[in-house]
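Quick setup: one chain, the form predicted alone, written in structure tokens, and binding and motion questions come after.
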């Protein structure tokens, strides 16, 4: 961290405390409160960490007011249009776009690590047939550390590198295996002749008894979904990975922790919740009823897939995702599907209705990604696993950055205690 740019003075009773202020490349300045407790015997109070920077990072920047998302300085719309997922993976991991030689080497390393240890098949058979794929993924990814002992030493830079490659390469295989297991079909092994996104679709939808050719439009749409979800700064699951990693836990355990956090409907489950809402509405003629419910402050109903906690203007990922949605729906010829008709009408209303426009409740990336995945044939239970495999590179990039930060300490949030004060124990017969 550079030298502070200026100092703020905090007055508590008759005591004045100097707090350094640091400036990043872009974005808000930060007030350094690391010594506040020692100097004042006080903590700060910030539930949800909405005003707290827990680290400094050079990976991803979000400007919610402008609707801007940058990976290593590159805007997400340019990356989604001109790049592809593995190139974005390289960018997030190493800080720069690769040369042709570097890209070929990186793609080769990923491809050679897509298979999982054959004994791991036994893990899947230990789950109930109707287990949620995310439950399966949490267990299997955590178990990777039991099979790949040569990449769990976080103090060895080479082992960290090998773990990163393995995780990025194996998550699509594990996600596809979780899907196949849930529908009772045999596992399909990776194919080195396919690219990353096409390989994942092949593992999900191919069967051993016949040939399956991945449609390039669907592979492109899947690649975009992965690219648009690759990283999103210090969100809940990324913060979970960093917190787990701060204890010295191995990388496989840290990513399993991130997957567990992502499972929550307020985080990675948003696109599943959005599609379930569309199905609940059912038909276009019921939309006015649900619009009234959404506008009623006393009604608990909320429109899923609209607006965003961070983006206060628009979600820069949504425009790109909408283009993919139009391509996929046109290819598959499913425009007459009632759920998709509801989605199209809701989209139109959200972009024109004064209520939605004034509150900036625009369709977000979850709205469109759920529609695409449903059209491709994925059940809603697979939406979050696909999110998880896409976000793995962001998690591992943030984890590697944290491990290399000499100022990093084990995470230990404080609290405002509101329970009972000191009490002496009372024997049972005196209570």
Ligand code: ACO
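Positions refer to the first chain, counted from 1. Between two forms, the rigid core is the largest collection of C-alphas that superpose within 1.5 Å. From a predicted model like this one, the values you see are computed outputs, not experimental measurements.
Heads up, the form predicted together with acetyl coenzyme *A (ACO) isn't pictured, but that's what we're talking about next.
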item	value
Triplet 117, 178 and 189 all within 4.5 Å of acetyl coenzyme *A (ACO) in the model of the complex via a heavy atom	no
Stretch in contact in the model of the complex with acetyl coenzyme *A (ACO), which is absent here, among 306-314, 219-227, 252-260, 98-106 (heavy atoms within 4.5 Å)	306-314
In the model of the complex, residue 125 touching acetyl coenzyme *A (ACO) (heavy atom, 4.5 Å)	no
Residue 245: touches acetyl coenzyme *A (ACO) in the model of the complex, heavy atom cutoff 4.5 angstroms	no
Residue 158: touches acetyl coenzyme *A (ACO) in the model of the complex, heavy atom cutoff 4.5 angstroms	no
Contact flag, residue 207 vs acetyl coenzyme *A (ACO) in the model of the complex, heavy atom cut 4.5 Å	no
Position in contact with acetyl coenzyme *A (ACO) when the complex is considered in the model of the complex, options 282, 288, 265, 333, heavy atoms within 4.5 Å	265
The single option of 278, 164, 137, 270 touching acetyl coenzyme *A (ACO) in the model of the complex, heavy atom within 4.5 Å	270
Contact set, 283-304 vs acetyl coenzyme *A (ACO) in the model of the complex - heavy atom within 4.5 angstroms	294, 297, 302, 303, 304
Threshold 2 Å Cα movement between this form and the one not shown for residue 360, core superposed	yes
Core fit, then residue 298 C-alpha moves 2 Å or more between this form and the one not shown	yes
Core-superposed C-alpha of residue 218 shifting 2 Å or more between this form and the one not shown	no
Note on residue 50-residue 357 C-alpha separation in the model of the complex, which departs from the shown form by 3 angstroms or more	closer
